[in-house]
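A lone chain, given as structure tokens: the form predicted alone.
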């Protein structure tokens, strides 16, 4: 059986002409390979050259930052984060940059967060601990913390993350490289990469798709989401946009609000944060459904004015939205069109087409993972550890995540399911829906 299948497949490959190959694999060639490898690779080289070119400028910005020595306010909103607080505060107290204040907001926790937080405050390990007796949600916690800040820059962190010792310093320097920068995203990596197959695949995704993708979009000026796990903002810019709106999706939302005011948003690859990602398919699916719904809620609905030419029109914002909607939404459904095309016109070759697609994507993923090592800040494990899992990525990206995205888009576009997500308290979601937030 296997020999017959192999023989049939080899005959299929021998019969392929260039024109036939393009006809059968047009989706991979034009929408995947060109965008996610050729274009990325070209931009990465430009970015690498610009880093070498601006080495003196960076040194000058770093010197200016240390000379001014501004107060940096670190805010940590969250619920039931007691088990993470001690390690996080210890990590922040070991930072190379010392002029910081740490503000923790307990958003209605029912664990021992209040006891741990107050003990850390009494011991002088954190500056302000605030307890909200009634849960208001992530945005409410962040905005509560914002009212107590005194710093020129605000760094928003998740309590369950840990940070390189120079992470705070590295994420603030870009503000001194360009005075128009209002927000900087940190580089989030996966800490529990070896916990399960699910976490390993996410680690590869974070290294290549997320981190490298943000390097590229930042260089092009279309970087569109500062991760809530690690992001820095100018305090005056946050005041202008009146802080965070109700999420989920609040990370991308506040980034867009700042961009709409004409500010620049940058990604700093060397400001490294480690986070623990979902370790089961069920947990990951729940997280990605929430993430993907935000594209419809915020980009297609709330901030659709970015796509309309008006007095405040910005080509970069327009292009950032158009690229995001095209590749994440439209081409997601275009893939089903491609699948239908193959089913209708090449049904007899379908098995061979699927095998070839899997091989093409797998070879590209191998090549990207190895070549992109020249552009990554670092990894938290050896490259050889991840290489054996690369063949799984085509199924993770090409099938699993695509199906999850499709479900999320349908749920949000037709039923506005994000307003029913338990990630937010129902009262805040009801209010957000009334206000079209």
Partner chain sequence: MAELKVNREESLVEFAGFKFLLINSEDGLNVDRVQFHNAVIIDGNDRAFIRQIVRRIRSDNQPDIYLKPIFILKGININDPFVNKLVDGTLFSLDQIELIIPEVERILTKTKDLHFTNSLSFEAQMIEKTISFMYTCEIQDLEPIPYIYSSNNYSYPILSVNFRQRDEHIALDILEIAEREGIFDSTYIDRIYLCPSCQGGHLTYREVCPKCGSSNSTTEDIIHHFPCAYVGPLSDFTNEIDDQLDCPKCNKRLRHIGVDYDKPSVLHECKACDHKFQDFNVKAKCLACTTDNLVEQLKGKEIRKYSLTKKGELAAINGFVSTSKDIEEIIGTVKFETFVTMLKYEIERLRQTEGASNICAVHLSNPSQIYSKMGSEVQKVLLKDLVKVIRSNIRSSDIISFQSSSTIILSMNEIPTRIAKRILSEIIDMLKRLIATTFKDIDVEFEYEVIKLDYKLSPQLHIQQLTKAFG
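Numbering follows the first chain given and starts at 1. Bear in mind the structure is a predicted one, so any value in this text is a computation, not a measurement.
Keep in mind that the form predicted in complex with the partner chain is missing from the display, and what follows is about it.
Of the candidate stretches 75 to 83, 213 to 221, 353 to 361, 134 to 142, only 134 to 142 has residues with heavy atoms within 4.5 Å of the partner chain in the predicted complex.
Proximity of residue 435 to the partner chain in the predicted complex falls within the 4.5 Å heavy atom cutoff.
Looking at residue 245, you'd find a heavy atom of it within 4.5 angstroms of the partner chain in the predicted complex. The shortest heavy atom separation between residue 327 and the partner chain in the predicted complex exceeds 4.5 Å. Mapping the unseen interface onto this chain, residue 266 falls outside it, with no heavy atom inside 4.5 Å of the partner chain in the predicted complex. Put simply, of 193, 129, 153, 176 only one has a heavy atom within 4.5 Å of the partner chain in the predicted complex, and it is 129. Between the options 165, 304, 283, 122, the residue in contact with the partner chain in the predicted complex by a heavy atom within 4.5 angstroms is 122. For the candidate spot formed by 148, 241 and 257, every residue has a non-hydrogen atom within 4.5 angstroms of the partner chain in the predicted complex.
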